[in-house]
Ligand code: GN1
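Only one chain is included here, represented as structure tokens and corresponding to the form predicted on its own.
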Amino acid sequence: MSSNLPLPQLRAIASSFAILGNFLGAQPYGNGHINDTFAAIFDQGGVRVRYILQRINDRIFREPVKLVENIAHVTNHIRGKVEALGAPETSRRVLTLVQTWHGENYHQDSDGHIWRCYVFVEGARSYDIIETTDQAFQAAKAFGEFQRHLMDYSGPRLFETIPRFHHTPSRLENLKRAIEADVRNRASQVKAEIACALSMEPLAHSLLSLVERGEIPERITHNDTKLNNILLDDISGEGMCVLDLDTVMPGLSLYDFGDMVRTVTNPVAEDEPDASKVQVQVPMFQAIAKGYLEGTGGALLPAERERLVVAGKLLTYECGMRFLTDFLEGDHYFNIRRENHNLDRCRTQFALVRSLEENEERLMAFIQTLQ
């Protein structure tokens, strides 16, 4: 898939959705790895209004229509919760799907690709690298509230958009198969990374064993809680809206917290070429732990709270394996913009796991102060 589409094609896509006004143009938007995203501008009575158009990557999400229906269920439920609480600016606190003129939540183009459209949330932005502990707190609180709002969801069971997405043992088996196949003859370049991944194999089973024993429950979770998936208000800094709902499905609360640890406690970009710069930022960890527990409002079980650091290690390890697997298989999953891009991503993840291990006792001591 390509984000370089001719303007007439984007105009035709935009005109399929129930948007009033005159189409003025559209440009690629954001830096997501998976879907093609555009900001479309309409003139509505002399006011320029933006919408987000996204072409869902059907190589990754094999049933995109079910994915969009998941999002409709989730956003409708959260909107009802937010409105019941009397929170202001509901349309900035939950994504709003724009339906087509035929009343569908998606449009299928002439090539068979599925598109969706959202109301653009103005006056807020996301951060690839969180700059302050208050930003970290606000983002984590928003993710916690997102999960808490969904704890009483009673609609149809959500579809698993990527089966076994955070099933870490499966990710490890995928890596082992990629090492053995070595389709691009790259394994010899990454012996140290392979050895590191295999040495951490016991970590892969650390949460699923708790599920098997009935110690932690299945919940509806976001499953991709990079903190650039939260919009923070430009003025107040408040966490406003959760983005990228493609992987919202049944999961574990610890998956969501763990991915926040992976994102926010790393002081450098996910693709930093120099992994020696990676060192867990303890104040940032403390901020997201405090924010997430406040956002979930005491709804987590003791067994979940006690594994927050383990969750950070696990999700960072898992993501590192995914980047390494994609590198070995020829970079077909994550978008890359340079040679060895996925390898750089892998190395930063594994470095962060090591740093979390070195600081685990200190981090757990802080969490205990929040109980």
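We number the residues from 1 along the sequence you see. This is a predicted model, so every value here is computed, not measured.
What comes next is about the form predicted in complex with this ligand, which does not appear here.
The contact with this ligand in the model of the complex, taken as any heavy atom within 4.5 Å, belongs to 229 out of 221, 296, 229, 265. Interface residue among 72, 269, 162, 85 relative to this ligand in the model of the complex, by the heavy atom within 4.5 Å criterion: 162. Residues with any non-hydrogen atom within 4.5 angstroms of this ligand in the model of the complex fall in just one of 139 to 147, 72 to 80, 175 to 183, 240 to 248: 240 to 248. Though the partner is left out of this view, residue 305 does not reach within 4.5 Å of this ligand in the model of the complex, counting heavy atoms only. Contact check for residue 41: no non-hydrogen atom falls within 4.5 Å of this ligand in the model of the complex. In the model of the complex, this ligand lies farther than 4.5 Å from every heavy atom of residue 317. Though the partner is left out of this view, residue 323 does reach within 4.5 Å of this ligand in the model of the complex, counting heavy atoms only. In the model of the complex, just one residue of 6 to 32 lies within 4.5 Å of this ligand by at least one heavy atom: 32.
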